[in-house]
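Below you will find one chain, with nothing else, as structure tokens; this is the form predicted alone, and questions on how it binds or moves follow later.
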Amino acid sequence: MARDLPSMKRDAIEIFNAAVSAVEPSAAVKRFLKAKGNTLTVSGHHYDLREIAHIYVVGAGKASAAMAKAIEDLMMARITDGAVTVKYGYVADLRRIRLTEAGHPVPDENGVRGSERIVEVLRKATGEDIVIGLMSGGGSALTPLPVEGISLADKQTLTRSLLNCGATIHEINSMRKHLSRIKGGGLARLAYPALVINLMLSDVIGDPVEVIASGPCVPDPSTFKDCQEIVEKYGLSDKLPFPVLEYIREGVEGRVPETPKPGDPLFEKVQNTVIGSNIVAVKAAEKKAKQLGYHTRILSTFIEGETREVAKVHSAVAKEIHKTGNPVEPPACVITGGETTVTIRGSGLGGRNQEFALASVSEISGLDHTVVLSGGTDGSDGPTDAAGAIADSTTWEKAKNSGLDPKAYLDNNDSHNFFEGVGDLLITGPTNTNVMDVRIILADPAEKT
């Protein structure tokens, strides 16, 4: 007997919640960092704390407060000072490490103040000290400390322009690195000659360490020339502030210094470790789906591209399940991870996950017993209070009966208001973690293949 849609939607939410729980940042820190007696062990590397004068903790990102709480749990008495910056609402009860809440994805003045606190801590570090870095998704926007001549307003305009044009996270971070004193190896440069142990929760496809939070403790392989090509690719020369364009031009001409590159001796004192990623979340989702009785298949955790096009491909998978039982027989659960992009064409409210679900509405309309969920593991999707949304085979009809035109809402990038109207927003609240997105397709047609 086919499952009814309400129970399938509850299953989808339960599967998503299992994915999020698997990448809880405090537990991830404690899996990779152990403090026992006078020995600090980080991912197989051992450090004698009797040889260390001070321990400083700095960090930025949506998971950084929870990561910092884990560090305090493990070694409170040994922490000399610390500062982390998080998105508003992504907090934890910290006693030794100072916490700043700031704007994301567009940086604000609190982000500047938080970054200044981080620099203040780093300036105390010497060659006898350890700096523990705690970086996670959102860290780029939360550390807006521009190079000389660039204002916060310039950085805000840059961020909005890059988000709206559909630039990839790699392209956005390449630009950010070259206009920042912290990103692109800048934090490691500020901490030198202290030993740096940098723990990262990855929100980037493939977990490239130079991209997570814009690689504050990692050599930067990108160049000013790359930044110039990004400006040309997206036609941003008439959208970006003059100081930004001028600084990039000066960098291309060699009149301002490049970011630290591979081979720089300062990185000999840096240990970078990824402690959580999208594949961990997706595998936990797979396990929960199997427990709920679904035949389950992970397609990929490398999904990227324009959200609407990716939604069409996922909807095609749902249709294939109904028609042939491929790639997995009903009752079927197909799971993917990664992070798509949205090119803004309208003036509505939404995010990539809600837009993914909205783009699926017409594709799965009338497709018997089918549910599509797309959610951000951080609990927020774009500038909204939703993690994502859920669409099913009756959403189109339900919307039309309520006077809502799915196509018109999609054309206006107004997915949030659409799903608020039909009552299918995915609301989790801040999860204090961030390993990109998880998408779930459930299909259990009445007539099995």
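Computed from a prediction, not measured in an experiment: that's the story for all the values here. Residue numbers run from 1 along the displayed sequence.
Missing here is the form predicted together with another copy of the chain; even so, the following discussion is about that form.
- If you check another copy of the chain in the predicted bound form, you find a heavy atom from every one of Gly206, Arg297 and Lys312 within 4.5 Å.
- When another copy of the chain is considered in the predicted bound form, Lys323 lines it closely, a heavy atom lying within 4.5 Å.
- Contact check for Thr301: a heavy atom falls within 4.5 Å of another copy of the chain in the predicted bound form.
- Using a 4.5 angstroms threshold between heavy atoms, Pro327 counts as touching another copy of the chain in the predicted bound form.
- Taking the partner from the other structure, another copy of the chain in the predicted bound form has no heavy atom within 4.5 Å of any heavy atom of Asp264.
- Stretch-level contact analysis of 104-112, 304-312, 188-196, 70-78 against another copy of the chain in the predicted bound form, using heavy atoms and a 4.5 Å limit, identifies 304-312.
- Scanning Val256, Ile344, Ile279, Val91 against another copy of the chain in the predicted bound form with a 4.5 Å heavy atom cut-off leaves one residue, Ile279.
- Interface residue among Lys124, His170, Lys319, Lys287, judged by heavy atoms within 4.5 Å of another copy of the chain in the predicted bound form: Lys319.
- Residues are counted as partner-facing when one of their heavy atoms sits within 4.5 Å of another copy of the chain in the predicted bound form; in 253-268 not one qualifies.
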